[in-house]
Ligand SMILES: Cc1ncc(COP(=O)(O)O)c(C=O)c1O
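Only one chain is given next, in structure tokens, and it is the form predicted on its own.
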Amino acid sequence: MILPKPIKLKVERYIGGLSQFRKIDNPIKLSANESALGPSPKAIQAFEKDKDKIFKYPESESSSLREVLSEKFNIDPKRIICGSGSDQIFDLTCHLFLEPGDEVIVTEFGFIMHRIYASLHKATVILAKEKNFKASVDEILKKVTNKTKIIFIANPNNPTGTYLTKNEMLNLRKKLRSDILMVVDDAYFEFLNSDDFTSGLELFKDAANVLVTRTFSKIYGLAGLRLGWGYCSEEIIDAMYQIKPPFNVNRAALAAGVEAIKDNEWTKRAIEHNTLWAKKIFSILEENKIVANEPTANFFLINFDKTKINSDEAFEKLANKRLILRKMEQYKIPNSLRLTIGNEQANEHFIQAIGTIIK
């Protein structure tokens, strides 16, 4: 009997952070950059209030959320598209712009979903070398050809925690051809407070050839509801609406997302928590000769080259203490793990544990 066979796609599969490792009782998951405090209580209330309406379809164009986003960030609602996570915005972008033979530039250790979606849409993925795990404007520009259609930049970047400055970002856009779409992934911008940094949305809200994406999975704590959005020229956003699924954002995500955006006090609390613990953990890492990026997001890329144990041993020893970190094998970053900043109890537990395993 001949059965239907799917085509064989040469596309890398994304490997998420582990929730469980072997059979650990009460594991502490610090592997997925999830929110330390969880969502706003107001977002949870909105979620619960809407539960009796789940038999009804959600808004097709996420109008209620787009209006709130427009008010908060002083942007045009007609230039916003919402998606099932910012991942869907990457997918729509690649679908809209790429044909076989086109080239997409990503940085060497950039967020891996960028290259996965480009590959899925039959583009050739070009890696631009990084310097000390930081994207390089010069290296990106060297890779540009007449086939280049899209450049992806996560700023700050996951998993390295490094970032391009305001001037570097402006310089990159200025030196690129105008018909190359620059996609700026703003997933972690809220956590970075530095004089030389400006978010992608603030830098490029008036640009017609820059797409900025944002997510509700990090600072807003709604990872389980899958919600993100993009901002670009009205022409490009209109084209995305032509190809997006009709009800791509679910009711619960919309209801919770509206209240999450409006709850400025909870967002402020989440930022303050992260800032406090980022400094404490960075200091502990330094004390134990673990090399890490300066605090820029809600995670650290930690390297064990200067310690007596390697990253595999550290992973196992921490797992034995219920702490699950993210391995960096998929990113091909040697002897390193990624550590998410957790809640107070999780962070205290990590600080105690790391001091006992690094001897």
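Quantities reported herein were computed from a predicted structural model and do not represent experimental measurements. Just count from 1 along the sequence shown to find any residue number.
There is another form of this protein, the form predicted in complex with the ligand, and it is not shown here; the text below is about that form.
Among heavy atoms of Ala154, some come within 4.5 Å of the ligand in the model of the complex. By the criterion of a heavy atom within 4.5 Å, Asp87 is counted among the residues contacting the ligand in the model of the complex. Using a 4.5 angstroms limit between non-hydrogen atoms, Met169 is distant from the ligand in the model of the complex. At a distance threshold of 4.5 angstroms between non-hydrogen atoms, Phe111 is in contact with the ligand in the model of the complex. This chain lacks the partner; the member of Arg115, Arg79, Arg226, Arg173 within 4.5 angstroms of the ligand in the model of the complex by a non-hydrogen atom is Arg226.
Here is the short version: of Val212, Ile150, Ala187, Leu92, the single residue with a heavy atom within 4.5 Å of the ligand in the model of the complex is Ala187. Figure note: of the listed segments 236-244, 216-224, 252-260, 174-182, the one touching the ligand in the model of the complex, with heavy atoms no more than 4.5 Å away, is 216-224.
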